[in-house]
Structures are given as structure tokens and as C-alpha cells.
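Quick setup: one chain, the form predicted on its own, written in C-alpha cells, and binding and motion questions come after.
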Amino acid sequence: MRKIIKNSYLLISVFMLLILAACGNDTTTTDGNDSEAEKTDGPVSAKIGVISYLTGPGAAYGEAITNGFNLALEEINEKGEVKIELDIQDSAGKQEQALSVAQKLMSSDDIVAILGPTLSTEMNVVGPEADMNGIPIMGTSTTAAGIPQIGEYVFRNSLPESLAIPAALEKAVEKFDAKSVAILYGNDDLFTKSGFDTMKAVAEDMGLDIVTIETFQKGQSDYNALLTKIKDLNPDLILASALYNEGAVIMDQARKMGIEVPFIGGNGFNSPQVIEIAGPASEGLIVATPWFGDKEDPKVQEFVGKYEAKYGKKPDQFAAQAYDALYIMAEGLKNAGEADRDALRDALAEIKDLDGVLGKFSFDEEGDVVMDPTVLVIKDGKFQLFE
């Protein structure tokens, strides 16, 4: 009798579980898809980590980038389609510090994505870690070759040197009928080394005579020896891959030495700091960039006005790229419908023709930027279109 009663209880229990499961499915499913119900229940709220170069010799990069993020953050949260919180960490431009703060951010389940770090050298160690942990990371100023190719979770919206340098060099060669170039670059930084590789390859492809290749290190202050050699060889153009600190000093010393040929700079020169440090010696510097603050575009001028009102200065390329980057993240979160790392990664990869202050933006199949560069020259103390 006990066995019969026990079996009866078992059958009743199984029957009740089946009923509860069926009821549970009926109450949690909308149009047959539980995740869709969650996605449409109010704006997505997400916390994004930021790794920025805030202290040290290149802090002007980090300041502009962080300002761009914060301005975009105010606008995005005010619109209310998504709600974003930023956790901003300082890398001081150092690989080990960038990796340390990245690991701290990645260990938090609240962090759905990372923006930064500032330098390609930093991304070279942080990117693989982010990819391994399955967290989307987007560089807003990392222009060295191979960054998005680190892994499927690694993106960038910054125009790579492989697109910028050829655009600037081709236009300069045409303008000045140049036949020969000298190249100098910082050989202790991934970014400046990558810029050099591009400069050398493009110069060779164009059939230019490379009269000399000179190197220097971060923090170097005396460039007279290498500039004397360049002056004696009398090239038509000087190609320089440097961060703004060293680049501005190089130009200043070159002009004082009587070298008047045009400089073609890599992405590190795309900062008003070059003008501030080098002064009149920066005149004639040619660069390629996705950003031109004097562009007659309502979206650009609205951004410039808001940025200048808030920070007391005009935005540079790094501020503009950061501003657009947070909007790209917001679009990804909106399309993902949830604050989930994998869903956000997939949504970012699908972004096409998003309107930003830099123009229409898309990611290619590797997570790299699809955008046309604009060639600028420093004239009368400011960046202007190079024509």
C-alpha cells in the first residue's frame, strides 16, 4: 500500500511540474521570444570603462578624448534612448598601467565595454586581454596597423595611418612636385614605428628617393645631429612620425636651422599642441585627418560650439573621434537591446553609415573604420584645408 501511495504522489508531482512549466512559458513569452520582451522594456542602461592618457607628457591627448566622451555622455543620457555611465581610468600612456586598469575594468560584471586606451602601444597589450575576456573594446585614437585584427571584440573608429599618410603624401607630392624625401620617426613606440612603416612603403610605391631614415626616442630634446644630416641632403619633403611633444620640437629646431621644406606628419601631429609648442615653426605642416572643425556642416558646427562653450577651446581630432565613439557605443547598445557584452559586440559589427561629426561611419568586416581622410595644412596659426 505504501508503494502505491508513493507512486501516486510521484505521478501527481510530475503532473504538477508539467503544468507549472507550461504556465511559466505562457506568462514569460511575448510573441514567442522572452529576450525580445526584455529588450523593449525601457532604455538600456550600461556602464562603460574608459582608459585614457590623463597624466604625463601626452596628457593633452587624454584631456581632449575625455572631454569628447563627457560631452557626448551628457547629450546621450538627455535623449534617454540609452543610459550610460562611464568609469574613467588613467593609463598615463604606459603599457603596464593601461593593462592593470583594463584588468580591473574587465573583472567587473557591470562593465559592458571599454573605450580606449589612447596609444596603439597600450592597445597592443590591452586588446588581446579584452578579446580573451569577450568584452568589446574600441580605440578612438589607435591608428597603428593591425589593431582591429587583434580579435573579433576589438574595434576602432580612428582613421588608421595606412589611410591618412598616403592621402597627405600624395597631395604634397603633387603640390610641390616632390622627388625626394627624408624620413624620421620615434623607434621606441608602436604607433610611431607603424607610421614610419607606412611612410616608407608609400614613398617607395610612389617612386620617391628616400635620402635618409633617422630615428629618435621619446623625451629626446636635441635633434640637431639628425636635422643637420637631413639639411645637407636637401630633400623635397620631410616625413615625420612622432607624438606631438617630440614632433613640435623637431619642427622648431629644423626651422631655426634654416630647413624650410614642408613636413608631412603622422596622426600624432593632429593636435593644436603642435601649434602651441612650435609656434610659427609649425607653419606648413601637412596632415591627413577625418576631422576639420571649420567644415560647413551644421552637425560639425553645433559640436564645435558646444565643446568650446563647455571647455573654453575648440575640439581637435581626438575630441571629435571620442565624441563619435560614444555615440557609436550608444547605437550599438540601442540595437543590441540589452547591456550584454556579446550582444553589444555583434551590434557594433553591424553599424553602417552612422552620421557623426566626422561624417558617415561604418565598421568593415574586421572592425576597422570606413571613412575618407581630409588633408590639412597649418597656415596662419591654425589647421586649414590643404589645396
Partner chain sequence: MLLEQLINGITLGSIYAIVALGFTLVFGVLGIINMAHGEIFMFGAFIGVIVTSVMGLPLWVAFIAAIAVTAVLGYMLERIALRPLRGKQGVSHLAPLISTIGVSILLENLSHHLFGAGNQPFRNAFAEIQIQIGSITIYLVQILIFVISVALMLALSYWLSKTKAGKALRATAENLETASLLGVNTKRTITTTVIIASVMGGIAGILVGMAFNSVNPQMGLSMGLKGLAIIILGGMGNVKGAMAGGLLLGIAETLIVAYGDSGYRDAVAFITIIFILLLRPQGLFGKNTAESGR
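Only the largest set of C-alpha atoms that superpose within 1.5 Å between the two forms is called the rigid core. Remember, it's a predicted structure, so these values are computed and weren't measured experimentally. Positions refer to the first chain, counted from 1.
The following text describes the form predicted together with its partner chain, which does not appear among the structures shown.
Segments offered: 270 to 278, 72 to 80, 295 to 303, 166 to 174. Contacting its partner chain in the predicted bound form at heavy atom distances within 4.5 Å is 270 to 278.
Checked against its partner chain in the predicted bound form, the residues 209, 252, 236, 283 give one hit for a heavy atom within 4.5 Å, which is 252. Of the residues given (259, 202, 178, 226), 226 alone sits with a heavy atom within 4.5 Å of its partner chain in the predicted bound form. At least one heavy atom of residue 231 is located within 4.5 Å of its partner chain in the predicted bound form. Residue contact check for residue 161: none of its heavy atoms lie within 4.5 Å of its partner chain in the predicted bound form. At a distance threshold of 4.5 angstroms between non-hydrogen atoms, residue 214 is in contact with its partner chain in the predicted bound form.
Although the partner is absent from this view, residue 85 stays clear of its partner chain in the predicted bound form, with no non-hydrogen atom inside 4.5 angstroms.
When two forms of a protein are overlaid on their rigid core, residues whose CA moves 2 Å or more are considered shifted, and residue 60 is one of them between this form and the one not shown.
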